[in-house]
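Just the one chain here, the form predicted alone, laid out as structure tokens.
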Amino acid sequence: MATVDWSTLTALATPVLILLGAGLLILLLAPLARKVFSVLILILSALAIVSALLASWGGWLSGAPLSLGLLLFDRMAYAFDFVLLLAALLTIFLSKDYLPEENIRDGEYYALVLFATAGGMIIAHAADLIVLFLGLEIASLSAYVLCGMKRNVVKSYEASLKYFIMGSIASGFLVYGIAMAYGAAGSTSFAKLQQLSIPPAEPVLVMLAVALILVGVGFKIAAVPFHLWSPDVYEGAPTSVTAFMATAIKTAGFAALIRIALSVGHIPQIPWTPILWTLSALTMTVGNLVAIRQHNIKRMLAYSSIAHAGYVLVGVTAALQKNVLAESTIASVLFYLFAYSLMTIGAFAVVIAIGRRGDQAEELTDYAGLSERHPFLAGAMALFLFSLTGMPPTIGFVGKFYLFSGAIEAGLYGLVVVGVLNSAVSAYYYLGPIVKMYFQKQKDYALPPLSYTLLGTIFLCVFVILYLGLFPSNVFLMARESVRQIVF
């Protein structure tokens, strides 16, 4: 039996341990959480995330990849950590005033956000399918509870229950897939799966294992046809939780997909390109076409998130189509997940900002005349929607450019055409709220006062989206450096 170097493991896993420790401490303080303690818990959560970010940055700078059997510490895993921690940090900032307005217990809320983030980071560092499954379950169980934290709101309970039932079924598929992978390779370690003979000794088991695992992961990233839970859950969950799920949980799902693809992508008997090509095209097309018909902005952004999962799948498909391009194409996936997190959290922050207690202002008609009531919010929302469409000079344009460029180099011309056409379709529903904000009559109600944390979150997203839209090269080079160590 292999021995575990606990001191090294503890040192390398410091970011995850910080989040788990802070989450447990917050749960202990939660019963005392009244005004003063609420601020203390918010500060403690933010400090834990910032500390984890600094520890991950230190791990990224240390360079050399290190495998400790069940966990892997390489730069790609740390890069996923950055995206997950950024999404968590922005989520807790935009939640500060939203939670008391919606009568949501802040102690449990912040603890669950930290636990879900830690689960996502475990997925990114997984070197074994069992560890990957544990990470997915930690993230998912936390998300199930977060969805139902709006007290006495039936939609919130319904979203939580629906997410739990569908998520449990997806977990069942994943477990069956892991069992079959063990039957084929005699191990659940990614290193052992990479050593499977070509052709594999048990080709049917390998095919079934990959198919079942893809179903489980497809649910987590809301890829078509495993997306049906997403719009109802996103609509019913608290808006800040929706922002977190659309970014952090989806990023964790793609971390799982890439780790699995890296371990069995070398087996030519698995038709990766046709499978992922079809998933990507369907996910982009269904997400965008159904989003056109939505009148509720949370449902519109839910279908939009489905479509964006399709765009990210373009990069994963290109990486598996031509292994020599994996460095640039997976780097483009990392860059796009980072960009998508900023754009989406910014958009949901504006949704929270214009909401009022008892009326979430979720209908598109609520945005009529916003440019007269609050020009900054209207301008920020317009920027986020332009960026989600992929218009220059925003980070969304740069992200799509990197994804589609990699696909063209890999020879996936048809998929790029589908992606570009879908981007054109998405402009129709993204421009709808902008037209209402700037060209329709003002609605007759005043906006509630906005907190500094919420305004700061929106301002930060605006600044980074514009800055990296003009100067993206350093972040993309960092993403490429993160992927350089991976081997197909």
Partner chain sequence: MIAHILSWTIFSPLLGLIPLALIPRGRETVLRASAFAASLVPLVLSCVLFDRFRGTGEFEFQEIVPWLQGFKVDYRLGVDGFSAPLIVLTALLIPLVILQSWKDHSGKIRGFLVFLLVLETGLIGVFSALDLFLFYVFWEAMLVPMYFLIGGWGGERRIYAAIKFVLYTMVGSLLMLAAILYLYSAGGSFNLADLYGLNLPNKAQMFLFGAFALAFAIKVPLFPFHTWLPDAHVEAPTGGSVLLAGVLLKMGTYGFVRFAMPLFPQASAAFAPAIAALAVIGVIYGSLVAMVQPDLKKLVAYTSVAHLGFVMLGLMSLTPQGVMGASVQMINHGISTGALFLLVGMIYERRHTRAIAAFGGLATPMPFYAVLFLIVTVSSIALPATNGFVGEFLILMGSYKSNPVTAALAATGVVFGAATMLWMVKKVFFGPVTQEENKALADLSFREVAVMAPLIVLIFWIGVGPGFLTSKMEKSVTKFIERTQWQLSIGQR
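Worth saying up front: this structure is predicted, and the values here are computed from it rather than measured. Positions refer to the first chain, counted from 1.
We do not show the form predicted in complex with its partner chain, though everything after this point is about it.
Its partner chain is not shown here, but in the model of the complex it comes within 4.5 Å of a heavy atom of S473. Using a 4.5 angstroms limit between non-hydrogen atoms, W272 is distant from its partner chain in the model of the complex. Contact between V417 and its partner chain in the model of the complex is found at the 4.5 Å heavy atom cutoff.
By the criterion of a heavy atom within 4.5 Å, Y176 is excluded from the residues contacting its partner chain in the model of the complex.
A heavy atom within 4.5 Å of its partner chain in the model of the complex is found for one listed residue only; from F397, Y182, W229, F376, this is F397. Proximity to its partner chain in the model of the complex, taken as a non-hydrogen atom within 4.5 angstroms, holds for one residue of S189, Q321, T389, T242, which is T389. Look at 431-439, 66-74, 450-458, 53-61: in the model of the complex, residues with non-hydrogen atoms within 4.5 angstroms of its partner chain sit in 431-439. Site residues K96, Y109 and Y157 are none of them in contact with its partner chain in the model of the complex, judged by any heavy atom within 4.5 Å. Contacts between stretch 398-416 and its partner chain, counted in the model of the complex as any heavy atom lying within 4.5 Å, involve F401, Y402, F404, S405, I408, E409, Y413, V416, listed in sequence order.
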